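What follows is one chain in C-alpha cells, specifically the form predicted alone.
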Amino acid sequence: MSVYDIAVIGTGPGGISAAVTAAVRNKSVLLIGEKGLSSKMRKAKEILNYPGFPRTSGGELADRFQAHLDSMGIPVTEDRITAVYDMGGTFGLQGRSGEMYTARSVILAMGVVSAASIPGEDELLGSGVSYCATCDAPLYRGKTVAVIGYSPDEEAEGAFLSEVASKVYYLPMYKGDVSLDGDNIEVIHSRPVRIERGRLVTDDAEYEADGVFVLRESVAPAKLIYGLETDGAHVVTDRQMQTNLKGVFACGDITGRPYQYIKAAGEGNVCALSCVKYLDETQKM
C-alpha cells in the first residue's frame, strides 16, 4: 500500500492550490475528490475577483485548474472519504469505494456540508447509522435498510445495497426522477424526521429499518475525524491553517467565510506550506 506525504480531500480551488504547492515542494500527493473538479465551481456563471481571470466562468476556471494539474502529473482519485483515522504517525482514509488510503498528513478542503444532522443520526453513528454503503453493506445481509440520498449519485449505492439487503427504502433528498428498479426497492418521497434504533421516522410514516445509510456529498468534518475542533459547520484553524490535531490542516470554505474562490486558493497555498514544514520537522525527530 502506498503511503503518501499528503492526502488532500477536495478538488475545489483550495484543494487544487494545496496539491499544486505540495507537488512543487516535492511531496507525494493524493488528491481525492470529483474528477471533473468542483461541481459547485463549474456552476458559477461569472467570477469577477480572481486575479488574471477577468469575468471568467467557473467552468473556464475549472478547466484551467485541470490543465495545471495535468501539466504537473497530479491525478485526481475519484472517491469520497467517509472517515479519517489517526494511526500514529500516519492517517488512514476510508473511501466510500471501499478503498483505504494512507498518508502522513491530511488537508481538508471539501467545502461546507450544508445539510444538518438528522435527529438521532449522531447518537447512532456506527450503531445503526452509516455513511458508506460499500463499507457496511455486509452487516445488513438479508436485513432491511433505509438509504437517504442527497444526490442522484447515491442511487448506485441504493442499487448495490439491494443486492445484499432483503429490503431497501430509498429517500431522495433532491428533485427529479429516481432511476432505481428492483422488487426489493421502494422509493419514499418524504422527509426524514428522526432516526431511532431499528426505525426511520419520516414526516408522514414510520419504517422498520435495521440500518440507515445517510449518503451526503461529503461527511461533516466533526464526524470525519474524531476529536477535530469545529465551530458549527466550520473547522477551527490558526493562521497557518493547522487544526487542533497534529498533521491535519484545513483550507477553503470549510474554515469559514468569506466563501470566495480566491480566498480558498490562498489558504490552500498556506495550508500546503504549513503541511510541508510539519512533515520536514517530524522526519527530523
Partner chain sequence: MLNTVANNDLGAARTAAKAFIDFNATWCGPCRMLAPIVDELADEYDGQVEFYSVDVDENPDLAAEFGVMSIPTLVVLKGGQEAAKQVGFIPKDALKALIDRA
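Numbering follows the first chain given and starts at 1. These numbers were taken from a predicted model, which means no experiment stands behind them.
Absent from the display: the form predicted in complex with its partner chain. The rest refers to it.
Note on the interface: of 124-132, 146-154, 175-183, 159-167, the segment with non-hydrogen atoms within 4.5 angstroms of its partner chain in the model of the complex is 124-132.
Using a 4.5 angstroms limit between non-hydrogen atoms, Thr202 is distant from its partner chain in the model of the complex. Heavy atoms of Gly142 never reach within 4.5 Å of its partner chain in the model of the complex, leaving it off the interface. Proximity of Tyr259 to its partner chain in the model of the complex: non-hydrogen atoms within 4.5 Å are absent; the residue sits far from the partner. Residue contact check for Pro75: none of its heavy atoms lie within 4.5 Å of its partner chain in the model of the complex. Proximity of Asp86, Gln94 and Asp210 to its partner chain in the model of the complex is complete: all three residues have a non-hydrogen atom within 4.5 angstroms.
With contact defined as any non-hydrogen atom lying within 4.5 angstroms of its partner chain in the model of the complex, Tyr226 is the only contacting residue in 215-244.
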